[in-house]
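One chain follows as structure tokens, the form predicted alone.
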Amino acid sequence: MSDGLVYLDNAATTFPKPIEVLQGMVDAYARVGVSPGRGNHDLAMQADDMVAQARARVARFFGAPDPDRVIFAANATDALNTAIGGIVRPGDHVVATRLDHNSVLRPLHHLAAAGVIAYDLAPFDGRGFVDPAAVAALIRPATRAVVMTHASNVLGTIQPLGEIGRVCADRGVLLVVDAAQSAGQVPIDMTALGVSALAFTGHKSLYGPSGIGGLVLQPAVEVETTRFGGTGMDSSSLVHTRAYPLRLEAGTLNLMGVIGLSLGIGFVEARGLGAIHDREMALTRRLRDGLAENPGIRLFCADDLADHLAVLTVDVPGMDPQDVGAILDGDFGIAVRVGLHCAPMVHRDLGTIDRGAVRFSLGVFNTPDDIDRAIAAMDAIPHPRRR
């Protein structure tokens, strides 16, 4: 994208989408754009087969044993609401973290305000990581689940899920993971990591469209239905089916989104998770090193980029992040994310809750020239600290 827009807001939504994903979605939907599971004619059965194949691909991608426990949702937020609302019971306690996105924090706050549950938040350290011992210290007899992000959307730090999974297994507690940022960036094997339930979205690093995501469950995890409606089966009964995956899928699926999600995973698999991550992190180090030379910029948790995603968040003391973002966009054609990034506790702890910060997030189509343009643009901004 070096000839035009420099898009560095991939943690929000990856852009552009691979042309093969876009074209494949359109072609498949043009052929079989009907309701899956809602008829016994050939087109409906072909659509149902596409959905089944997508479930199997998602299960393999995340190391889950049962494709029927792949639940399609609108996005990771929708999936997390399904998981949290369907797992917790009155009187339960939940542990989350101060790194978490509002897609975790708001459902927990709502349930706590209603007197249904209590919850505590584990802190993160000065490098941006949650200590498994801090999670363990908050678990109590009433704790039903630990619900947490795999990778911070503000700091880019990848949390030690394997260690936390072992803590949860030892205490008999479920581990529910928000993989919105990590899915498609780093390998995730739910079984090896001890993850009970995993929420993901398609429109970020899986390079699918918006409006599709999902919840992947281990076979032993039971999630109660919180929404009810048509499923295409047992239609004579007013009781919503208890069978997975339709137990948690009410209404007609987003078939085009499911197709795009499957194609996006195929794109990631073809390029290789390791190759994608290594290339993006090389560019992230280039960006970090360039920005670190500017005395008017403060970088957060970027001294060591081990166990990181391609995300850098910075502050320009004396300047509103909105102004920095507007200058980058209007004067230099560089798109970044500014503000609180829907993660208020992170910003409270960073001291940026009043104004937020500026986030650079890279994707598979970024180039070294994009990074150099971003560094030069930040150098060209008349930062107050340098006046």
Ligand SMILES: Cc1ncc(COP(=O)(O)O)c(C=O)c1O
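Model, not experiment: these values are computed from the prediction. Counting begins at 1, following the sequence as shown.
Another form, the form predicted together with the ligand, is not on view; read the next lines as being about it.
- Annotated contact segment (heavy atom within 4.5 Å of the ligand in the predicted bound form): 100-108, selected among 229-237, 100-108, 310-318, 129-137.
- Between the options V147, A76, L206, V195, the residue in contact with the ligand in the predicted bound form by a heavy atom within 4.5 angstroms is A76.
- Checking S262, T157, T82, T201 against the ligand in the predicted bound form, a heavy atom within 4.5 Å turns up for just one residue: T201.
- Taking the partner from the other structure, the ligand in the predicted bound form has a heavy atom within 4.5 Å of a heavy atom of Q181.
- The closest non-hydrogen atom of N153 lies within 4.5 Å of the ligand in the predicted bound form.
- Proximity of M378 to the ligand in the predicted bound form falls outside the 4.5 Å heavy atom cutoff.
- Interface membership of I371, defined by any non-hydrogen atom within 4.5 Å of the ligand in the predicted bound form, is ruled out.
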